[in-house]
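Only one chain is shown below, in structure tokens, and it's the form predicted alone.
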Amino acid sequence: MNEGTKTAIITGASKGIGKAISLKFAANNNINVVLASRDNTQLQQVQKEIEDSKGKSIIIPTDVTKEEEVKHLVQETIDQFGKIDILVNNAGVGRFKRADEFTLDDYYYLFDVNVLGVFLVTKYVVPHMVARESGQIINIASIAGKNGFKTGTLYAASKHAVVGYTWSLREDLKEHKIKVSVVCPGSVVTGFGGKQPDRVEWSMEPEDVAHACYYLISESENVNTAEIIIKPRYNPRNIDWNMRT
């Protein structure tokens, strides 16, 4: 194994922001990307794109809400590459309704993936980073983790939890030389949660978020950007929603 090569686990890597981050990282020949998601078929498509661009990746199908699957993800990564340098907790889901229309199932669905998933993967990755006194964790939250919006009570609550978790995690790990950051994107054109942004001309592409994440892993060792809030600029365009993933 090339000692200069880094290993990055990216959850929710099968589509949208996670796919864009995976492709961006894999374009750097010094990063091996571990693709994690529940959808093995889509992961294979992402891996093919990475291979076509001469990048390196492996697939480990994972449901981040299942503790044993998360343990397997982490151990298999260690077995394959010997270390974990970067973790991007990107897996997330969305449901949007008026507050009283949400069900208890909606609550558990949103908090299990958006919060429990971040907790579990981080829990099992951190000991390896602490042992090496090195590593970087990037949590993908949302602008909803900073502000509320109509139909977003449970989703926003889950993303506020991710932001709070990240800031406290940073305090836990900075003495171990581990960088921790949270990225809070505004509207992104992905079809996330079964909906598109209300104003497409005020929305970003997944690649815009990937660029921010790449900046984080590229910044000087002397600094750790704690939080990035990304808001779209006005960008009118013609989009065929049937072509989006």
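Since the model is a prediction, treat every value here as computed from it, not as a measurement. Numbers follow the displayed sequence, beginning with 1.
There is also a form predicted together with a small molecule; it is not shown, and the following applies to it.
Interface residue among Lys56, Arg38, His176, His211, judged by heavy atoms within 4.5 Å of the small molecule in the predicted bound form: Arg38. Among Val130, Val93, Ile78, Leu116, the residue placing a heavy atom within 4.5 Å of the small molecule in the predicted bound form is Val93. By the criterion of a heavy atom within 4.5 Å, Leu87 is excluded from the residues contacting the small molecule in the predicted bound form. Not displayed here, the small molecule is kept clear of Ala26 by more than 4.5 Å at the level of heavy atoms in the predicted bound form. In the predicted bound form, at least one heavy atom of Ser187 sits within 4.5 Å of a heavy atom of the small molecule. Taking non-hydrogen atoms only, Ser142 approaches the small molecule to within 4.5 angstroms in the predicted bound form. The chain is drawn here without the small molecule; in the predicted bound form, the stretch among 27 to 35, 48 to 56, 211 to 219, 178 to 186 whose residues come within 4.5 Å of it by any heavy atom is 178 to 186.
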